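Considered here are two forms of the same protein chain, supplied as structure tokens in two stand-alone entries, structure 1 and structure 2.
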Structure 1
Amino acid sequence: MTNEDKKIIPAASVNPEEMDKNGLGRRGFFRWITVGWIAFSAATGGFFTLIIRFLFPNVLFEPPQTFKAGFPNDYASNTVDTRYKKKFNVWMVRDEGSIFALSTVCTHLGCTPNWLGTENKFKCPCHGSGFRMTGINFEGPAPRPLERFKISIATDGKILVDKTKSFKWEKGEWEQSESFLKV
């Protein structure tokens, strides 16, 4: 036996009973088991967090369904006010004798039409539906007019719009007193 064939291992550093064939000792084995369990626990915890998040969605981002839209005198005759379009999805419209709140959702496929003041109409950019200032459809594929929301005067004299109640023209609901304010 030559000196190269002999491996000199100090007797105090490694216990031969603690080493397997691959050189992995008892401590190394338990380290790998610990790392495996930590990885498994993290993956399982992440999975259950996603499941719980799915079952209990956060709905705090939804805008309130009832809001105050200023005083009736804030709206000029024969105008469409677009200031509530982004935040509440509502257009405030005042014609000669009334104020009403129109939904900004196209009745064709749910896109948001734009108010074109120069042409005095709402025009949907998705498929070309056109609506008059009153919300009545007159061009394009939209099957029915825009919906109106419940509107009333609050105790402080401001206009109160309630989006939980909508009125449809084709059902004759636009004639109900809650669908508009007399001015």
Structure 2
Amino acid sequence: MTNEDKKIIPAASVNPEEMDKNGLGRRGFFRWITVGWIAFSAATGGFFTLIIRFLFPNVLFEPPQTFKAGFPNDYASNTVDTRYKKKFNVWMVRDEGSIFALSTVCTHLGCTPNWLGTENKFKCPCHGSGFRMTGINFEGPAPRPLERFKISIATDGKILVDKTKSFKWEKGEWEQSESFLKV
């Protein structure tokens, strides 16, 4: 190869076997490109992780999740009490043998159903789901019954509702003793 030739042939079009001796060969090239891609993916992945993690703060400022709901005797048999609906999104329901705290969040898409005393059901205004007094769904699109919250008697004899723990019927959790109060 004369000096002239070397000048006109661009480096990239030189036969790689030939290159091996004095520069970046095929194997070296693949090694570098692998490292390059790994570094690139790690950087991008890290960046996206940062972005997504940023959406979830460590501290939340949300209203208290437990409240006291009077004495068990405040509730008459077979009634739905809507007193705590506004502030805590809970209905206190007493049926024959038990009291339980029913969530007011429709299991369909989260609207607040209304208690229709005359028809003895909860009816959701958004897409028409209906729930019996027990919280069991029987009409409309709601896929499952309303949830119940943890309920217990505090030391002062009042009912304590803890909304951080909920009980789902379809998982058989309504059997658990914390999900209702025997009366």
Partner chain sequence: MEKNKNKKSFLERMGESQVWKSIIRSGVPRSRRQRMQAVLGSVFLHLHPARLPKHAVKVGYTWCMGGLSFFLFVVLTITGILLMFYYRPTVEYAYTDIIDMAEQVPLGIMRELHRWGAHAMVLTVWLHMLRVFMTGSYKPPREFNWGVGVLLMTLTMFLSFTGYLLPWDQLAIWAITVGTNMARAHPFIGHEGPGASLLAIGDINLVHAGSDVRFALLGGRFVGEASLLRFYVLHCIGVPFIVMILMAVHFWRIRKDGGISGPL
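Remember, predicted model here, so these are calculated numbers, not experimental data. The term rigid core refers to the maximal set of C-alpha atoms that superpose within 1.5 Å between the two forms. Counting starts at 1 and follows the sequence of structure 1.
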(message) Pick the form predicted alone out of these two and give me its number.
(response) 1
(message) So that I can tell if R31 moves, could you say whether its C-alpha shifts by at least 2 Å between structures 1 and 2 after the core superposition?
(response) yes
(request) Examine F138 after superposing the rigid core and state whether its CA is displaced by 2 Å or more between structures 1 and 2. (result) no
